[in-house]
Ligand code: MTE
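Form predicted alone, single chain, as structure tokens, below.
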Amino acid sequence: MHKSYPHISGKLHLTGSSRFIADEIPLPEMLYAKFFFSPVAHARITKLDASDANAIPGVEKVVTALDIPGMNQIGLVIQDEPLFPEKEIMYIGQPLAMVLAQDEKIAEAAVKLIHLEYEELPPILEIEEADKKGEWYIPERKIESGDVQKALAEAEFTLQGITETPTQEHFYLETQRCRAIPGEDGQIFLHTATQSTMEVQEVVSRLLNLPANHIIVEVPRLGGAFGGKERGATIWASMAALGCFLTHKPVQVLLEREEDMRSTGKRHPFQGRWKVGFNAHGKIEALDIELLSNGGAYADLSIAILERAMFHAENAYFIPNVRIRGRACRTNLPPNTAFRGFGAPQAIYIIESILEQMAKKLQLDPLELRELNAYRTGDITPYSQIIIESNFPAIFEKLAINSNYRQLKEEVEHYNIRHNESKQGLGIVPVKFGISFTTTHMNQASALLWIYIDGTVSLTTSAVEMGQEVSTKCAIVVSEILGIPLDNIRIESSNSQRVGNSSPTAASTGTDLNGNASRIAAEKIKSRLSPIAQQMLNNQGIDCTLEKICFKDGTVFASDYPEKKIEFKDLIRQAYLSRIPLGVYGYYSTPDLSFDREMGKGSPFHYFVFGAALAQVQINLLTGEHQVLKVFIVHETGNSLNKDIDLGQIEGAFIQSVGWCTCEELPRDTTGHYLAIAPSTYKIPTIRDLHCDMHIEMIPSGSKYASIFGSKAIGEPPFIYGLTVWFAIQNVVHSVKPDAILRFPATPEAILLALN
């Protein structure tokens, strides 16, 4: 694109005038919802008495499972999750009843008067116990290529082990919330913080036994999501809708931070049980790996997350003999859900840990070992998708040059020789990240485009804006095609009436899908306008063909006569007078996707994003505190639609990943209580944690297999780069104590425990 475009919401955010759901004006007779949450992880309900709560003045109604008019079921992939449990409590923080009152304080007081009697049951909290008892949502999945057992038996070297990754809290700035407003003829308007308008509409329709067209879902923008509002928002929107349906009054659901952290799902903890075979040069010949995830009480998106983890189990490496088995385990924790990377970071951490052990075993350079095993063009993945274009050779070369790798290694070694109380280390991680929803039918999007009489444009897409600036990128697409300023384009809120049946804004596909839908809509309307422009130019004595009509800088002209311009707004008025329709619908579906789950074969991804990163850290051996000194990232963006946005996404993903790897710890007790449910105890990284020399090079790969205008997805792949910091810390720990075991995340306490 080679242009600098502004952040379309930047001015609004900067001036504090951008509107979020909680910024809306309170409505007359609005009721406020508060919840009675389960105090135990697993129990049989014997009695739930809300009579005392109902008697408080100002309480409109206490809502339970008995009040649901339709199906008490909000599960989508697997229908296993009730809105309110009727007989069995499945996790601490599960909503058992909802109080609707005229004031939040009244609602809070009423919640304390609800009486619960229950028979406590033993909870399952850990992967090992769930797996041993066969608590899986579906049977084991498998992807296999080559002859793993034979290759392992014949391998010169083998290693085996168990590698685990913990959970992570989304910590979006805007907590879960929804406002439900009654309309005429039984309609309900939901202003909700969701990444999936279609899911909310479908689930609420089923819950209330209403036609889907009676449920209007509106999302102005989200104050962050990171996957936590793809399915995680559905239960709270359903609560608000149910309250509105029963009382015929507006209802607001807004979770406090501690309520949100206690009751919502997190990143899935994973366990990898693996065995790898390789030769003396470090070439991997076989990998046998079991991936087990802790999905929590209900299936949510655990099956799809496990599937993506399996697709990324080999990360960037061609391994001729592979067996990948996966099981998603049911436990008595809040249903774990989508989180940036969607299972891939967990799987990639496991395979990168394996390579670190191989490098240590063979005394090989970590960068050279990764180069040796990296995918080349023409290689085939374990699930039989061909790597049509691999940029790894160039990426590793750029990373080595940008970081001055050989000299940096020597500097670290010399520093460690000279210093006793602090040490330095390096970590390297590449990434091959597949882009598309792995559920094929979800790879579709729509756009509704209107040009008004003054030449300004309104665009609604399937996408939900949550700070990733998909709005800016879709506007850029329309601006380029119609040749009009970005200021003339307004991106509307996501709305199920304007654009229905929308796939979630997730899986890094937001711009790919919705940008292409916007492109198709803009190209359609451009083809309608071009004959009018030709006629207007002919009237000025300019003889031109349709192929020579140019739309640029708010004007239209013939390429042979660039000085003879028609204002875009004049063209639009003439089109209106000529009764040319100025509204158009664009629809896009990603081509050439397929995957046979029974066979474990197919091409689930439209393309891959490639990249690599290196981090240098320093650790104070007395306190366990670490400091990131340098970060080098080489990342493939294709032809970036907006370099500033892509740069921000890379930086943001990196620091969020560093938080997962080093400080975001979610301990829980033996009863299933999360012990860090507030900013005072759950520590996310801040700007102070990124005081380092950060060098990012975005590669314009020019891939013909990329997406809109040759761009590539940016949201999730850079999250992998934060793993470099963990491996750099481990590098330091092993330089002091070679056999030390560093747990994840590498907090100062974990580092000191490993060293001592």
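When you see a residue number, it is the position in the sequence shown, counting from 1. Please read all numbers here as calculations on a predicted model, not as lab measurements.
This next part talks about the form predicted in complex with the ligand, which is not shown.
J.: From the list 508, 616, 315, 494, which entry has a heavy atom within 4.5 Å of the ligand in the predicted complex?
T.: Partner contact (heavy atom, 4.5 Å) among the options: 508.
J.: Name the residue from 624, 672, 467, 82 that puts a heavy atom within 4.5 Å of the ligand in the predicted complex.
T.: Going through each option in turn, the one that passes is 467.
J.: Any chance residue 224 has a heavy atom within 4.5 Å of the ligand in the predicted complex?
T.: Yes, residue 224 sits close enough to the ligand in the predicted complex that at least one of its heavy atoms falls within 4.5 Å.
J.: Can any non-hydrogen atom of residue 649 be found within 4.5 angstroms of the ligand in the predicted complex?
T.: Answer yes; at least one heavy atom of residue 649 falls within 4.5 Å of the ligand in the predicted complex.
J.: Quick one: does residue 340 come within 4.5 Å of the ligand in the predicted complex, counting heavy atoms only?
T.: Yes - in the predicted complex, heavy atoms of residue 340 and the ligand come within 4.5 Å of each other.
J.: Quick one: is residue 715 in contact with the ligand in the predicted complex, heavy atoms, 4.5 Å cut-off?
T.: Yes, residue 715 sits close enough to the ligand in the predicted complex that at least one of its heavy atoms falls within 4.5 Å.
J.: Counting only non-hydrogen atoms, choose the one of 368 to 376, 459 to 467, 136 to 144, 579 to 587 that falls within 4.5 Å of the ligand in the predicted complex.
T.: So the stretch in question is 459 to 467.
J.: Residue by residue through 112 to 128, which ones have a non-hydrogen atom no more than 4.5 angstroms from the ligand in the predicted complex?
T.: Counting only heavy atoms within 4.5 Å of the ligand in the predicted complex, no residue of 112 to 128 makes contact.
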